[in-house]
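Here you get one chain, nothing else, as structure tokens; it is the form predicted alone.
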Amino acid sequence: MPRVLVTGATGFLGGHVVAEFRHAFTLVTTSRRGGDFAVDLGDRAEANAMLDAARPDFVLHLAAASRMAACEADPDGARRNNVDVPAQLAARYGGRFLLVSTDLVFDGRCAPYGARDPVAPLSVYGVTKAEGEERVVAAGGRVARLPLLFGPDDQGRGASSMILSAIAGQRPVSLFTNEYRTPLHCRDAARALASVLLQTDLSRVVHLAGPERVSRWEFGQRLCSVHGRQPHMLLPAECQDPLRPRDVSLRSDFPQRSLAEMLADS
């Protein structure tokens, strides 16, 4: 079986990727504080020593500085993690390297977006992810952009877990009525990434997204309906943040389950 290194393996998406990939690959995992190798990928010597020991055939790069506020507060750190690290890995592995990126490389003015549409990020997070994509593709690597992710998680991470946990704890949760995404279940994302990883003849940039454009508010309402929960703790809100694009819905390059099926599996 191909030997695959997954970075950021202890994150929300990482847990689903590890569970899915174990069936098809010889898996090696890494993160800052766990996995088979605990490593700071920003330390080039430490990262190279790990790569020499891991000997992967392919690398799926999930690790990133992904908190928007933290990226705004530390743009140099965001650039180191979101640009320099993936660029170095792509230079080493070329087409055997797959970077997971985000719909937030777009400004929300021309949705739905295809994989070849020009990027126009609004935030430091979006800017650094877009720069990382450019460097990776220039080095011969590949990029898979993902949308808002959801699915079961015992730590309450992800859109559906956050909403269901809040309702269970009788905590109100505000959801934007004017921010649109194409949400995707993490299990579907993991399965699609497994397929893309091995298909090195695909386009350098692909979109893996859910089948429907919905607002966060509509997502919450439909999630509650599917799970038989009362939506009274959901509060409609209007996003005013200039750094958050209003509509970054994606046109997916791969078919997915229906949104209703994915919500039932959350």
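Don't overthink the numbering: it's just position in the shown sequence, from 1. Values in this document were obtained by computation on a predicted structure and should not be read as measured data.
Keep in mind the form predicted in complex with a small molecule is missing from the figure; the text below concerns it.
Asks: Counting heavy atoms only and using a 4.5 Å cut-off, do Thr10, Ala63 and Leu146 all touch the small molecule in the predicted complex?
Replies: Yes, the whole candidate spot contacts the small molecule.
Asks: Can you say which of 196 to 204, 218 to 226, 36 to 44, 51 to 59 gets within 4.5 Å of the small molecule in the predicted complex, counting heavy atoms only?
Replies: Result for this chain: 36 to 44.
Asks: Is there a heavy atom of Gly14 lying 4.5 Å or less from a heavy atom of the small molecule in the predicted complex?
Replies: Yes, Gly14 is a contact residue.
Asks: State yes or no: in the predicted complex, is some non-hydrogen atom of Val100 no more than 4.5 angstroms from a non-hydrogen atom of the small molecule?
Replies: Heavy-atom contact with the small molecule at 4.5 Å: present for Val100.
Asks: If we define contact as a non-hydrogen atom of the residue within 4.5 angstroms of the partner, is Ser160 a contact of the small molecule in the predicted complex?
Replies: No, Ser160 is distant from the partner.
Asks: Please determine whether Asn81 contacts the small molecule in the predicted complex, using a 4.5 Å cut-off between heavy atoms.
Replies: Output for Asn81 is yes: heavy atoms within 4.5 Å of the small molecule.
Asks: Looking at Tyr125, Tyr93, Phe106, Tyr180, which is the one with a non-hydrogen atom within 4.5 Å of the small molecule in the predicted complex?
Replies: Exactly one residue meets the criterion: Tyr125.
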